[in-house]
Structures are given as C-alpha cells and as structure tokens.
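Quick setup: one chain, the form predicted on its own, written in structure tokens, and binding and motion questions come after.
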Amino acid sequence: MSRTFRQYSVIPGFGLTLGYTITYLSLIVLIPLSMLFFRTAGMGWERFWSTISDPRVVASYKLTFGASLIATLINVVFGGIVAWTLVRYKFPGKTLIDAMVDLPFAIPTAVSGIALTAVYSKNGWIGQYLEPMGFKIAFAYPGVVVAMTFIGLPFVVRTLQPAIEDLHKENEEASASLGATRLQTFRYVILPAILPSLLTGFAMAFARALGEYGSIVFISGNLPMKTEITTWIITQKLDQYDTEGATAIALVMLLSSFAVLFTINAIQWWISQRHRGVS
C-alpha cells in the first residue's frame, strides 16, 4: 500500500496564495482604476469627447507622448552604455557611480525638478552657457525631455545589468575569431540576448515618463499649448473641481499606457517564439 506525502512548502498552498494575490491586486490596483471607467461613464459621450479633444489637452498629449518617447530612446542608448560599463569594467569610483544611478529613485521628484531648473535655467550653471548659443532648456520642450530622461534612466540600467551579467564572453570571442566585426557581434550575439530586458526597460521608462509630474512642472514652466504635460492638465481640472474632466483625461492616459505595455509584451512574446523556433 503506497502513501502519497505532500511536499512541504514554507508558503501556503496554491488556492490560498492565489486568493490573496487576486484580493490584494483588486484592492490596490483593479478597483481604484475601474473607478475611472465608472466616473467617466456618467459624463455622456459628447462631454467626454469635448473634454479629451480640447486643443489644450491635445497639445499636452503630443508633448507628453513625444517627449516620453524621445527621453526613453535616449535612455535606451546611453543607459545601455552605462549598464555595460558598470558590468564589464572595473575602475575607481565604480561603486559610487553605480549608486548614483538610483538617485532618481531616492530623491523626491520636486527636488529633482528644482535641481534641474537651477542647473538649466538662464542663470544656471549650464543654462548660462547654452542659452546665448540658442539652446534653451528650462521652460521649453527640451527641459521636459531632460526631466523625463532623468527619472527614466534607472529603469533601463537596472533591467539591463542582469542580462549583461548573464552574457558569456566566450560567445563574443568566438564571434570575433570567426571574423565578425564588432557591429556584427553586437547585432547577432549581444543584442538578441539582451533584447527582452531592453524592451522591459523601455516599457518601464516610457510608462514612468508618461506619469511623471513633480520633476517636470518646475522645469517646464507650464506654458499653455507649449510646455503643459497631461498630468498638469489633470491637476488643474481637479483644482477647478472638475472631477469628471480629470478622470476622462486620466482614462485616456490609462488606456494609452495599457496599449504601450500590451504592445511591448506582444513584441517580447514574438521574439521568444521566434527564438524557440530557431533553436
């Protein structure tokens, strides 16, 4: 007569942990976000459309999404270089530089905005040299990009570092011994290995830039139709007690973020399926 022994586990069974997970996510994420749909549903289609298609709001969409994309692409390139340097090389001060990457996580966003404004304004340390040459950073479009780049850098670096650490140098050396150039080695050996992590970092940095507020409102100047981000518009709606208008614009941003994350996940799934097919 055989006996079946249950395998010991520190964490409770699947049913209990799954129930806790669903309950926790519902209370923290799903229920609060679903209120955007319920609040917006009471507006009526005409008022909803007039709110989200207002020229001032549309201008904020263009600024927010455009600047977020530019800032994220900058972080993908230079954040990738930072991650590669921190993983592959040893040099004095490496620990300090590695800790500095997390500064945008640690300091309040308002402090970041004030610091960036102090540096890039007309009388700032860097701005006083750039503005005479025609490069205006603070209170202009580039200032928004700078702030979004600042807060998005850690997402790219921290997601890329483990992927770069898992790379085998022998594969790169084998590629070079077979006559491949550095560009070919990067394209066919390194990039496929780090691409899933790179896409994850891109998605996280892009989503973070879309929702950023504190560090941008100081350096942007919030000029109507020019440097107003969407989160600033939402805040102004709330200050005017236009809760439905704020939730309507917030719903557009929520759906846009979902679309971006869904697209990134679909690309990652396609890459993984293609990799399985090749292997």
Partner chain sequence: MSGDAKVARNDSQLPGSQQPASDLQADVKIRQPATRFRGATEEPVWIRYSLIFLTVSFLVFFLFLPLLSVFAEAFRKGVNAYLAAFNDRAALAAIKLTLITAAIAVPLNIVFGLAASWSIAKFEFWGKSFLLTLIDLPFAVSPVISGLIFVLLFGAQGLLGPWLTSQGIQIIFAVPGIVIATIFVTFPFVAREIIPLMHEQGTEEEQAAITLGANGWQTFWYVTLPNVRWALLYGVILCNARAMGEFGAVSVVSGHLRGKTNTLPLHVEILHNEFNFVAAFAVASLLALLGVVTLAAKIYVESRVRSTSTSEDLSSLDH
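Computed from a predicted structure; not experimentally measured. Residue numbers count along the first chain shown, from 1.
Although it is not shown, the form predicted together with its partner chain is what the next lines describe.
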{"item": "Contact label in the predicted complex: A250 to its partner chain, heavy atom within 4.5 Å", "value": "yes"}
{"item": "Contact flag, I114 vs its partner chain in the predicted complex, heavy atom cut 4.5 Å", "value": "yes"}
{"item": "N75: touches its partner chain in the predicted complex, heavy atom cutoff 4.5 angstroms", "value": "yes"}
{"item": "Its partner chain contact at F38 in the predicted complex, heavy atom, 4.5 Å", "value": "yes"}
{"item": "Heavy atom contacts to its partner chain in the predicted complex at 4.5 Å, residues of 248-262 in sequence order", "value": "A250, L254, S257, F258, L261, F262"}
